[in-house]
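Next comes just one chain, in structure tokens: the form predicted alone.
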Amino acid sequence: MRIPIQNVTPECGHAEVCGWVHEVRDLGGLAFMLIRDRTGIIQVTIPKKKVPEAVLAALKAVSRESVVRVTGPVKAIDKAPGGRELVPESIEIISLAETPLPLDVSEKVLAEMDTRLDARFLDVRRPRVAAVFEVRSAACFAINQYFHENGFTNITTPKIVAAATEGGTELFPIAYFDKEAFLNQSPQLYKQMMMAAGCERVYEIGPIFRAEEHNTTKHLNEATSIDIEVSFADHLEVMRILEDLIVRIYEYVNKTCSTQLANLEITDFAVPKAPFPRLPYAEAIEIAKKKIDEPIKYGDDISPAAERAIGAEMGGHYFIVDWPSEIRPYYAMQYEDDPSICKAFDMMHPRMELSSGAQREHRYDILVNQIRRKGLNPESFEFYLKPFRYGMPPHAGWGLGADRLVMTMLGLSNVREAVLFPRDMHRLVP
């Protein structure tokens, strides 16, 4: 019976392991084969004069990254990976890999990002790359666990829609029988509608689509968003939920992913401390003005250079709060005493924006007026506006980018490293 490599010890006595041939070294009378599975690597030591002829034939025929089954006794040896080796009684080649390989899984020869993504099935065999997605899986588990512990209902909203979330042209049109349709930019309108349904606390983890012509290390055209909406809550309450969630994710990864962090050579994994600082937008602009050599004024959006400058000043996760109403979506609630400012926020990592949210405007007449002031037609949002006429509670929420969260948590240089099969302007396959 096959044993995961991490569980193979000298105490096993005799073991069967299955995996990929990571490396083969032939030193004449002695050969070594490293076998890898998702749990680790084991050394197979082949003394040629002491093993069956079938083992020697398999050794001669096998290629790197072939899938094999190896059986034999396990012995303790200090210099081998994990302090043990397997001396084969049999080596079965289950699936022979072609040569040459599209990329070097052992990482002796580095590959460019495009090469890696073209052969992603091979790329993810590398322990360092697999570690990213194991950490991402752990983060998703922590997210679901946190929401269920805190009374949230998991929902699934449509990804094919008839209207844009916020208007604009950054939409992917699709053929939908005889109708005009688009891929959804956000679950925003639907999660707000669920507040009228009385669900009170909802969350969704799902894809969003933006037809933005960006070709940067932090933008994708298909991304994964973590969204919540909470009834009878203001922006301050959902900001508290967000920072608590971020701390929980980091704590869980720190607790359960020590092997993966080691594979990523991360030795100083720091768990953020809540509460995160709240930085008013007006103050953020002033910081940027002093630190970057580009024009920036109140009312501008915050550029990537400004984000980095402000992040360097703040040093950790933080919120930018109290944004000008004119540059935030129509559904953000404005302050009663100063409608030029709204109850919106962005949650930032020092490198980039991770999340955007707000308390929403739940009063029908005011919401319709805000839609009009953005130059949009309320009739295009009738399906969304209708619930506001039949008892809509105050509510607030946010969306958090899962890909950027993993990217910043692990110090990755490109968001594509945090996504199995990324979609950008130039990549539609695999």
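When you see a residue number, it is the position in the sequence shown, counting from 1. Since we're looking at a predicted model, the values are computed, not measured.
Missing here is the form predicted together with the RNA; even so, the following discussion is about that form.
T216 is the sole member of T216, S90, N254, N144 with a non-hydrogen atom lying within 4.5 angstroms of the RNA in the predicted complex. Proximity to the RNA in the predicted complex, taken as a non-hydrogen atom within 4.5 angstroms, holds for one residue of E149, D268, E336, D114, which is D114. Using a 4.5 angstroms heavy atom cutoff to the RNA in the predicted complex, none of G13, E16 and E222 count as contacting.
In the predicted complex, at least one heavy atom of P329 sits within 4.5 Å of a heavy atom of the RNA. Interface residue remark: R64 is counted as part of the site for the RNA in the predicted complex, having a heavy atom within 4.5 Å. Not displayed here, the RNA is kept clear of S95 by more than 4.5 Å at the level of heavy atoms in the predicted complex. The shortest heavy atom separation between R308 and the RNA in the predicted complex is within 4.5 Å. Residues placing heavy atoms within 4.5 Å of the RNA in the predicted complex fall in a single listed stretch, namely 96-104, out of 96-104, 337-345, 260-268, 273-281. Taking the RNA as positioned in the predicted complex, the residues of 30-55 that bring a heavy atom within 4.5 Å of it are, in sequence order, L30, F32, Q43, T45, K49.
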